[in-house]
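Only one chain is included here, represented as structure tokens and corresponding to the form predicted on its own.
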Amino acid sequence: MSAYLLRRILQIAPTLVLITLLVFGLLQVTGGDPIAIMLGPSATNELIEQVRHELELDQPAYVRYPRWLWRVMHGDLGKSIRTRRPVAHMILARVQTTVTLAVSATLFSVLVGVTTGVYAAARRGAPASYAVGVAAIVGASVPNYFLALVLMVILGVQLRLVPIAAFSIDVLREPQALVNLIMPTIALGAGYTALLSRITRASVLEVLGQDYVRSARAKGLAELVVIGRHVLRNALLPVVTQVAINAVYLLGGSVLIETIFALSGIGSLLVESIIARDLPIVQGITLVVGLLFILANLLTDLLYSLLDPRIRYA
């Protein structure tokens, strides 16, 4: 296990370099001049060229990329073209909002998705099981932005149970902001909840057909004990994989939800930076999300060995 862990850690650096190289290359072929966008239409050509030279944007891409990568290796993500603030500070200022939303949506999807999936598998053939299946299909089919708008109309406008715009979801400093998390959490996590429900149901059904489950039932064990002790642990491996993948996608895929509910997270920062062609911020956010994705996959592999002792990594 230690040798496997060491190999996976050593793979992180080249993977991140490849991610940054792809993003840097894609941004170079897109249109738009970040300096002209920043200075506005009234800026003269002389001023644009002066600022471009100060920011080293007049250098070719094959010169700028190694310099930027060298600074990143020393913990410097550069400065924003628009604000001239350090990129790392701008990301840290907004990452708490995105992480809070992603964690909330992940917990919601796990609690609801796994519970309904296990219930649908245990009650296979019952009307409630079909209802769970239909709800999962609907939940996976409805776009999160459309669901967000529906929730705003019903819960925010008609029933007035929650505020339409969340603005703040800092539940650690403001516990009353917990109510602001309700609609963004449901809107962002509904699709992943439906996916987890279907994966859990299929996995549990497969395990329920195993011989050791029939033996446990033959011993007279209660159905709740059979499912909780013998079925769930063996059925959780594909669920854990999906939860880890979902968590990272939720972290990087909250762009529309943050925009709709007026949340200042890294998703909205990424959209603003792409529109303004603020390359350092786009590259910094991509690097952070890529690192989180790699760490999530590593954590998933380690959890495999804890859930199933038969799994060993050479």
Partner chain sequence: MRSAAASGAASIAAVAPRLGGSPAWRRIGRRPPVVAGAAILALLLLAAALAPLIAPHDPIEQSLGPGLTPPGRAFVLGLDSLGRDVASRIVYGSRISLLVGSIAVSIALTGGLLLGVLSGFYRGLADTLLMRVTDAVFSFPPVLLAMALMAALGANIRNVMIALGIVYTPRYIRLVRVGVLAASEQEYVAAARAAGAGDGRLLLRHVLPNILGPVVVQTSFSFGEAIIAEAALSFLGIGTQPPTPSWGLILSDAREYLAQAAWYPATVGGVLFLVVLAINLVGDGLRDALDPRSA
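This structure is a prediction, so every number in the text was calculated from the model and none was measured. Numbering follows the first chain given and starts at 1.
The same protein has a further form, the form predicted together with the partner chain, not shown here; the description that follows concerns it.
Visitor: Report the residue, out of V112, A202, A122, V213, that has at least one non-hydrogen atom within 4.5 angstroms of the partner chain in the model of the complex.
Guide: When the partner chain is considered in the model of the complex, the option within 4.5 Å is A202.
Visitor: With the cut-off set at 4.5 Å between non-hydrogen atoms, does F24 touch the partner chain in the model of the complex?
Guide: No, F24 sits far enough from the partner chain in the model of the complex that none of its heavy atoms falls within 4.5 Å.
Visitor: Going by a heavy atom distance of 4.5 Å, is F108 a contact of the partner chain in the model of the complex?
Guide: Close contact is absent here: in the model of the complex, F108 is far from the partner chain, nothing within 4.5 Å, heavy atoms only.
Visitor: Though only this chain appears here, would I19 touch the partner chain in the model of the complex if you measure heavy atom gaps against 4.5 Å?
Guide: Contact with the partner chain, yes.
Visitor: Does the partner chain come within 4.5 Å of any heavy atom of L69 in the model of the complex?
Guide: Flag for L69 set to no.
Visitor: Need the contact residues for 270-294: heavy atom within 4.5 Å of the partner chain in the model of the complex, sequence order, or none if there are none.
Guide: The stretch touches the partner through L270, V271, I274, R277, T286, V289, G290, F293.
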